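Below you'll find only one chain, the form predicted alone, shown as structure tokens.
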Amino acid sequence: MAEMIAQISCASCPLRKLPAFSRVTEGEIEFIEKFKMGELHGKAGGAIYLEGAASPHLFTLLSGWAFRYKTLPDGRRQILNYLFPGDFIGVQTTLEVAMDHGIEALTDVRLCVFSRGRLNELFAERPGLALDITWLAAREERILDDNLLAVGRRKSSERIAYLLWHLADRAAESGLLNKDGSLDLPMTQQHLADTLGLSLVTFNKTLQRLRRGKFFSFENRRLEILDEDAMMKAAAVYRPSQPTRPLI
């Protein structure tokens, strides 16, 4: 999926300049530099983790988009969530245990690579960073809870409005919006339907009905939220306060 490239300083990572991410001390950055194995570049469509395989690595997604998924024996796929720059990947399983999910790159990606076997060193030597990883894992669980609520209890129109709002909200946090506030989505409508547990036909018909509200624009994979309050109302969602999040 990827090849090793030259080391790049963690301190120079442009994500650290975004207001959504909390600051770290020089000592913590120095430890992350030692903890880090290197960086990988991967192509769109490549596997970051293979479903059913064990991996000795953990990753931070530095640039690009990816998604986490599970498949049924007959090949039906459920996309669990989308991964954005700054997300820490791989804490959902333990060392030498086969992954019960897969992660695929939606776009070309750049990944910071860590050894899963050295995770205990981080917890022993840097409890502040260990707490950050725990926070990130808890945040991931909250996002999955929200996605489960969307699939399980929201109406089809609410599901689509929620997912589009959620993607735009997280993209804004990760610095992915265009200058005009729009967002270029790398996924197809099939990806979105697989996320929501809808057939492609149902997704398309419901999306057309939602467009009549004119509180968002979604054409040629470019999404723009025109009226966020109306979008959130259509999605049956509210926005809690968003604390800054750590970057490992």
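Because the structure is a prediction, the values reported are computed rather than measured. Note that residue numbering follows the sequence shown and begins at 1.
Unshown form predicted together with the DNA; subsequent notes refer to it.
The DNA in the model of the complex comes within 4.5 Å of no heavy atom belonging to residue 81. With a 4.5 Å cutoff on heavy atoms, residue 222 does not count as touching the DNA in the model of the complex; it lies far away. The DNA in the model of the complex comes within 4.5 Å of a heavy atom belonging to residue 155. Looking at residue 217, you'd find every heavy atom of it more than 4.5 angstroms from the DNA in the model of the complex. Of the candidate stretches 38-46, 24-32, 202-210, 63-71, only 202-210 has residues whose heavy atoms lie within 4.5 Å of the DNA in the model of the complex. Taking the DNA as it sits in the model of the complex, the stretch 178-198 comes within 4.5 angstroms of it through a non-hydrogen atom at 188, 189, 190, 197, 198.
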